[in-house]
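Quick heads-up: it's one chain on its own, the form predicted on its own, in structure tokens.
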């Protein structure tokens, strides 16, 4: 942090909030709101004279409210910049005016109580998101008594107690009486791997953090009895298993079973009711202090950035990367990268590794000077464009410049080539440079030129479903060979007219397949697929065509076996479609898609002539 603060090429904006981001890779325009600090960070020497005269106090956020700090304070000892900041809410309280004692005590006149928030705008080439994560709040898990029982604390609160710079100077003490506990119990997976108020995923760091804490306790207070209650221990890193073995050798007990309830006794000691899964017995254990190893969860800012930057969230709430294996630090939007726990729970080593990778990706992109445009972009025919704005509405990247009443203009640097806009445009004004309407329709017509009733047409997205076919082939999974695969960049590229043309030519079954609903390569383009298919199901049913003949399936690139089973099911459905049903469908579509033109009646002057 100190190096960052001193670096000549790094501008550090603290107490700031990103309010708006526009533009594209190489030309992002960022608007930042800088909250008033009320202290000039360049002039402040952190002498502390202002703190000595400040009469107002509030909870110390860095120490999780275990102690109080003054209204003017330094966030933590290693804070960068090393200047004080004034919490105006604590300073004013219910009073309409600040007392001004801190400003009077400051000899360098660094404090300005009239400071206001300001906006800063700048242009950048790339963006690295490092919003981090936050610990789970166990207040909702009432069975552990957190918030009601003084001697039940969280792992982060224990960290502050054990720190030499913490509220107790590194002494482990009970909050009830200030005495050193004789026994401490650690409960794992609080708020992790559970339903209800917690999260379903593993917090990653909790097991090893607890093992580290047990080693610290045994090194400094070997007389304290330490017990760890767990579901299973995940010590998968380098040297982690050795740490676990050392902890056991020092006398730490590990009991496989999570306490169902914690009760407080008259002397404010605690009784834990736990089912020991190794013995099969429900046991009662005593402890002077209970430490809840809480899981972690995404910061609230991640949700705001998701909307601000057109990103995508994983169901767990973390930001979703472009590809979990091939592009683990890239976002779906070109020029935006992830570092650390914004993308998922990580320990320090993993965080540093990903941060280095994100910096490398950003530098490699910026060092090129110029960025080659993706060949899978689109162009707009201005003569056909009706300025409706639907293309911008469905584009997951916002890759169009459009104002009401104006023609749409694609931004090539933003466009990723999914083709969703082309499928949405009802006026055929948008043409992808690859996978155009004419090319896809030509494939449909060529594939159904002979024996169409014996074939099933499959529109498969390039990144998942089409790749799943390759996986199935490499794995030697056998499936019926009469399916016709037509590749598109995204399932969102599949236009209604492609499907209807296949049915019109005699296809018994049509399948639209793409990435899993929450894992679209193009952020959320497959949501447009669902909307169009559902709309087409209703239309087919109103026309008297069985909607089940149009199938929708999500298959990832690694699911070769699922692709095989889907193709087998498709063949079963194809055999259920009778030639009579196919003929009926072709007749209906001919009427709906190619209605006969009304005949013009010839007229003579004054007399109508019948044709």
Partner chain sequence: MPEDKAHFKCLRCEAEFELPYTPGKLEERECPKCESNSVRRLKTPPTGQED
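Numbering follows the first chain given and starts at 1. It should be emphasised that the depicted structure is a prediction, and the values quoted were computed from it without experimental measurement.
Below: the form predicted in complex with the partner chain, not depicted.
Partner contact region in the predicted bound form: 565 to 573, out of 59 to 67, 565 to 573, 41 to 49, 28 to 36, criterion any non-hydrogen atom within 4.5 Å of the partner chain. Contact annotation for residue 538: at least one heavy atom lies within 4.5 Å of the partner chain in the predicted bound form. Interface residue remark: residue 53 is not counted as part of the site for the partner chain in the predicted bound form, having no heavy atom within 4.5 Å. Residue contact with the partner chain in the predicted bound form: residue 235 places no heavy atom within 4.5 Å of it. The shortest heavy atom separation between residue 245 and the partner chain in the predicted bound form exceeds 4.5 Å. With the partner omitted here, the residue from 285, 323, 531, 212 that has a non-hydrogen atom within 4.5 angstroms of the partner chain in the predicted bound form is 531. Between the options 150, 253, 497, 527, the residue in contact with the partner chain in the predicted bound form by a heavy atom within 4.5 angstroms is 527. For the partner-free chain shown, 547, 548, 550, 551, 552, 553, 554, 562, 565, 566, 569, 572, 573 of 547 to 585 come within 4.5 angstroms of the partner chain in the predicted bound form, judged by any non-hydrogen atom.
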